[in-house]
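Taking the form predicted on its own, here's one chain by itself in structure tokens.
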Amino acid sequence: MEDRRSLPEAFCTRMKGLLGGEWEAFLASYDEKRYYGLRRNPLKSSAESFTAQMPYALEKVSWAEEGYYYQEEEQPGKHVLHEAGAYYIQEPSAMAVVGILDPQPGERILDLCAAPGGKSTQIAGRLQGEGLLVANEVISDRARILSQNIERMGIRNCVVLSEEPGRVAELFPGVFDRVVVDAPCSGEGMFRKDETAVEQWSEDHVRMCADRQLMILREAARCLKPGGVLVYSTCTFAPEENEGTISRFIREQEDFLIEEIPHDANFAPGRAEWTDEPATGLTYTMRLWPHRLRGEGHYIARLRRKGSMDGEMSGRVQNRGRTFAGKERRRAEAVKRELTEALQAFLVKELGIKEDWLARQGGSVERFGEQLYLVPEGMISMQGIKVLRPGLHLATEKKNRLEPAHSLALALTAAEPDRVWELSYEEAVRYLRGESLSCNAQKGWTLLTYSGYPLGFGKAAGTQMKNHYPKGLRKYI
């Protein structure tokens, strides 16, 4: 835990001048304990069943309907339920951003700076499997972590990209109902939990971050529909990166305004006097201070693009594939139909999934090499785009047969297939390690669950359940 003795001197001088009489309380927060949070996955459980099943003492986070505090020593990241995607470990203040974004089922949402996935997975929970979520992360290593978290949380309607913000804007002009920009920042709000943020801090770094944030906001604005909502957030205290960045953006983007938002009583308004040329409405933005609430530092602004959200979506989105003519089009349609029929037969006969399951998901079955994915409805053609996850991974083609994807297991509920085997905690731990299990289950593919949460697939043969938990994910907990 960071303490006041290691804080940069220039940072302290600036914050003392800004906070005045609150400076001592702010400084004292660095000697206090951190608060730890996790967020229930609404795609997998109700609040009532979740709290009944959790083996930890939980306390609600007031500004996040899915959020709970837990005690540090409990270590929920080392539990079977974490691997099953029952919850996502997230700093409590960071949970406020998606509540202010307020995504609704059926909407098209963009998370432009998405890794490691906290806000994307929270958005997906609010969408409830309806609509399109595009989660983008330009840094490839971080994008892979994002993709893994999307899989673990069982999200069916998300596409993961790894593109520059400008490229995303070219691909999706005026497409999204809501966009969130959790901008790369100097990280001052994380000093208490992240020593690296302290070591990397400088006044030049703050200025560099502010310029980069404005660039990202410009590209995010191009992706938004008229009437759409853009939420900007940082985990820093620097006015240059918060009120200053929003003021610069509003001054140059005349079709955007700062929107007043309902907020938790512990949030504080933005400070117009902390920037040289304040935009109208800066007091509608929100600051989360560690000496005023049980969380780290954050800044959040909700912007709306003027105009109406009515009207058709972009032609690029409507036309997801190439345009074929005549015989070529009929052949492409026949191939797609055969692929979907083969997958449907596999899901029903081999996995025991209900016959109407695939049709109810919406979207389109697509082949990417040997991999079969369910691409969400409304997604554009992915030719020439850096895509890590084109949708829900359903199966892999292997020598005239199909093998179910781990992503499919995590996206199912225990009620959807009829071949389910509930594991004890000890069996679940052994499964996550990659061990085979003794069983008396029906021969064939079986969904393995713990406390009703799917963990992955096994394949029963005789008295043994062959382990199909991915080798790259196996772990000791």
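Everything numeric here is computed off the predicted structure, so don't read it as measured data. Start at 1 with the first residue shown and count on from there.
The form predicted in complex with S-adenosylmethionine is left out here; the points below concern that form.
- Each of 113, 118 and 215 is positioned with at least one heavy atom within 4.5 Å of S-adenosylmethionine in the predicted complex.
- The stretch among 182-190, 153-161, 289-297, 252-260 whose residues place heavy atoms within 4.5 Å of S-adenosylmethionine in the predicted complex is 182-190.
- Looking at residue 165, you'd find a heavy atom of it within 4.5 angstroms of S-adenosylmethionine in the predicted complex.
- Although the partner is absent here, residue 171 is not a contact residue: none of its heavy atoms lies within 4.5 angstroms of S-adenosylmethionine in the predicted complex.
- At a distance threshold of 4.5 angstroms between non-hydrogen atoms, residue 142 is in contact with S-adenosylmethionine in the predicted complex.
- Although the partner is absent here, residue 137 is a contact residue: one of its heavy atoms lies within 4.5 angstroms of S-adenosylmethionine in the predicted complex.
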